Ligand SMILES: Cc1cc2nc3c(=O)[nH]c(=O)nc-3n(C[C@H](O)[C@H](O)[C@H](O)COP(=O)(O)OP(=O)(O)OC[C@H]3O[C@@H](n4cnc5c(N)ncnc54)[C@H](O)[C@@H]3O)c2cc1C
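Just one chain follows, in the form predicted on its own, and it is written as structure tokens.
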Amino acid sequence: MNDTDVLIIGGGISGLSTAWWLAQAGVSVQLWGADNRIGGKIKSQQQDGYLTERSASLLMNFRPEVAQLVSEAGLDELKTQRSPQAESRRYLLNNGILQALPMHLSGMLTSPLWSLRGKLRLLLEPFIPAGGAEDETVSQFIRRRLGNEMLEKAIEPFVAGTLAADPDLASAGATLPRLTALESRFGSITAGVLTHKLLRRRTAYTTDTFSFRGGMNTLVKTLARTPGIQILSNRRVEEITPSKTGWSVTATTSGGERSLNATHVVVATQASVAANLVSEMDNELASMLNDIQYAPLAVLHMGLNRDDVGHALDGTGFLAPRQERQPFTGNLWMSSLFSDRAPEGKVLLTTYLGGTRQPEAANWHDSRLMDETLLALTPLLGLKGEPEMVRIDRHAQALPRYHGAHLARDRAITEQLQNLPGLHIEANYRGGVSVRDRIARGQQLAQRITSQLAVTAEKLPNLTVPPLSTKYR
């Protein structure tokens, strides 16, 4: 008999989400983290009355399964909703001026952000034939459907600022799956949007943007405390080998080597770490994983007196298109998003530098990072004086780049894993980088594993597995 049904390697949100869903199904789970803390890059930090986020700042959700986890984990009462003033306004830097970015097509057609030619091109979208290859890039897809102006002024800053990727290289199907799906199903993006609006049921889940009291770390801590999940930190896995009843896993710890037998193993680590763990068993799979590259990122948090900021900060923040040639990709107004992020009479601004567009910026020394950012932000936001609080978070490998034939590679990884039954790879380079995506993917993987455990139990009556909840039967 194995020591556990499922061993999860990696303590980030991918591993924690999968563990939570498995625990709800009554499956015994161990989670091994290489560090002394759980949560991966997610970390909320208090400094001088300001609450900053090392990576993910919020959860923008439109998936019912995510709402289910939040509710059943007891997190509903700990949610902090996006403030009303930040609910419907985002800004875009355009010709050196911050302008409100329309959220709907009707607003785009009257906005000064787009030229007459650009607006006419948008109106042509329903009449553009569906097409494009599977490995079409974001730039190719958007130019074909919406025109170059939409690409440069809206999609490029979103892809570069939110995903740290390059639209000229990023896979459209992997990076913008909802848009490409609309074209595939309805023939055009416009037709798809209109159809969804007409057919939307009153019970359909609406988009909800929120964080938690104490920051995103509250999500991590809550999942980690789930009954049925045994978490062991400072366990660096060195070897995974097949066994008669599943897998044998060996890790180094401060107390020496530790081994464990599991029916299923989930590798929820960075791609290069996963590649090293599978290289002895499947060199081809390891090569696919090593092909996944990451973008570096520096996150600069600045706390200022409200009187030292001339802009109304009446929105979520702004993105900077590449044609604006700024040192950063975007700036979030965290204290406008959530009122508990800064003390009374203060504001918290979070700036993102680096990514694929300007990777070297992530490695600038602290003083240059500050100087370049303040020089650019001062005329845009009407800044006066120096910040009273500064914090810098750096990520050498912040986000995976969904570049090249990413969908084909992901399918190939899935196919290759068929040769290693009971071994699973699930991390943010598969199926989306957001916390929302990680929770949803965790549920999908947990359902597959519980189904396989049930089948195994039927074939081997002497193998004892905990009863599965009815929703997974």
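A residue's number is simply how far along the shown sequence it sits, counting from 1. What you see is a predicted model, and the numbers here were worked out from it, not measured in a lab.
One more form of this protein should be noted, the form predicted in complex with the named molecule, which is absent from this view; the next part is about it.
Stretch-level contact analysis of 44-52, 25-33, 441-449, 413-421 against the named molecule in the model of the complex, using heavy atoms and a 4.5 Å limit, identifies 25-33. Not displayed here, the named molecule is kept clear of residue 358 by more than 4.5 Å at the level of heavy atoms in the model of the complex. Proximity of residue 9 to the named molecule in the model of the complex: non-hydrogen atoms within 4.5 Å are present.
Contact check for residue 70: no non-hydrogen atom falls within 4.5 Å of the named molecule in the model of the complex. The closest non-hydrogen atom of residue 335 lies beyond 4.5 Å of the named molecule in the model of the complex. With the partner omitted here, the residue from 240, 189, 262, 297 that has a non-hydrogen atom within 4.5 angstroms of the named molecule in the model of the complex is 297. The putative spot formed by 270, 428 and 435 is fully lined by the named molecule in the model of the complex; each residue has a non-hydrogen atom within 4.5 angstroms of it. For the stretch 60-79, the set of residues having any non-hydrogen atom within 4.5 angstroms of the named molecule in the model of the complex is empty.
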